[in-house]
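As a starting point, one isolated chain is supplied in structure tokens, in the form predicted on its own.
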């Protein structure tokens, strides 16, 4: 169990996070907000790379800063911008990370090979990292976060650069792992966690704005999302979320509190909620 209690983070007079309160058990949790809204800061606080200005974070009711190496031994962390040694091969780099984590050599080699195969990097494990594409580097970074079989996994924008097939493979892998561990996935790409997360946390105004299941969050807009012809006269407070080309001209995806006669009612998505919370900026 991870518990975040009244955590705030300030840099001088700039408040980045304000009174964050969360209780998190096993499963997959998506943390959603636009870039610059505090997602990475929250992840770094949980990873003990930053320290709260106020409040505390607990793992199984013990403050993480007092646990030291014991806490880091159950933690797997993939930062938003992973570091790597350009002239190392993927296998050598991951072997080096395993040494730093105190994983015995034979166990480390077996774990590295298993994980490289799982993320489809095994054919390229002897290539130098400087010759990897951005997506390949992301997959190598995912592997390093999982080497020590962590009980708490923090993944900051992990799908950046992954092609659609690898995104699906990544989602499947997380599903397989999530029954007995906590996985926190930070992203501004809503589709990454639409069907993946057990709960979704929206950050806004430096604090937790929504914390609920995807189904409950989508239900906020039940009966309010319509497909509308471009020339339809919209009510004053209706909001256009997206323009979609069709054979019959442009169709607008609209959120309206008032019924729109003659327009098709649509099922809301998490992205609809995102756009209503944060505006069209994505």
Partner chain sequence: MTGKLVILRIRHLLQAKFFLFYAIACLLLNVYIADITFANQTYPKYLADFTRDNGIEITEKSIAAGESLEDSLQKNVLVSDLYSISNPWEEVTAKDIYSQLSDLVPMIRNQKLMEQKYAKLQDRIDQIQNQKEYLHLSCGSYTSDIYDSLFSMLMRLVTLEILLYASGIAIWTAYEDRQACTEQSIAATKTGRNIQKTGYIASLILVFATWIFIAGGTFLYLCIYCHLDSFLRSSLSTGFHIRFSSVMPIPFVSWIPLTGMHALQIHLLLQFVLACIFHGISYALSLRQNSSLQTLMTLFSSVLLLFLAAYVFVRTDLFALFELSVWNPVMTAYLEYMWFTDMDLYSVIPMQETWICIVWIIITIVMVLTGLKIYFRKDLNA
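Note that the coordinates shown come from a computational prediction; the quantities given were computed from them, not determined experimentally. Numbering follows the first chain given and starts at 1.
Just so you know, the form predicted together with the partner chain exists too; it's not on screen, but the next bit is about it.
Contact annotation for residue 161: none of its heavy atoms lies within 4.5 Å of the partner chain in the predicted bound form. Using a 4.5 angstroms limit between non-hydrogen atoms, residue 186 is distant from the partner chain in the predicted bound form. Among heavy atoms of residue 240, none comes within 4.5 Å of the partner chain in the predicted bound form. Contact annotation for residue 137: none of its heavy atoms lies within 4.5 Å of the partner chain in the predicted bound form. Look at 202 to 210, 168 to 176, 74 to 82, 116 to 124: in the predicted bound form, residues with non-hydrogen atoms within 4.5 angstroms of the partner chain sit in 74 to 82. When contacts are defined as a non-hydrogen atom within 4.5 Å, none of 195, 197 and 258 contacts the partner chain in the predicted bound form.
The partner is absent here; in the predicted bound form, the one residue of 50, 228, 28, 37 having a heavy atom within 4.5 Å of the partner chain is 50. When you look in the predicted bound form, the only residue of 97, 182, 190, 146 with a non-hydrogen atom within 4.5 Å of the partner chain is 97.
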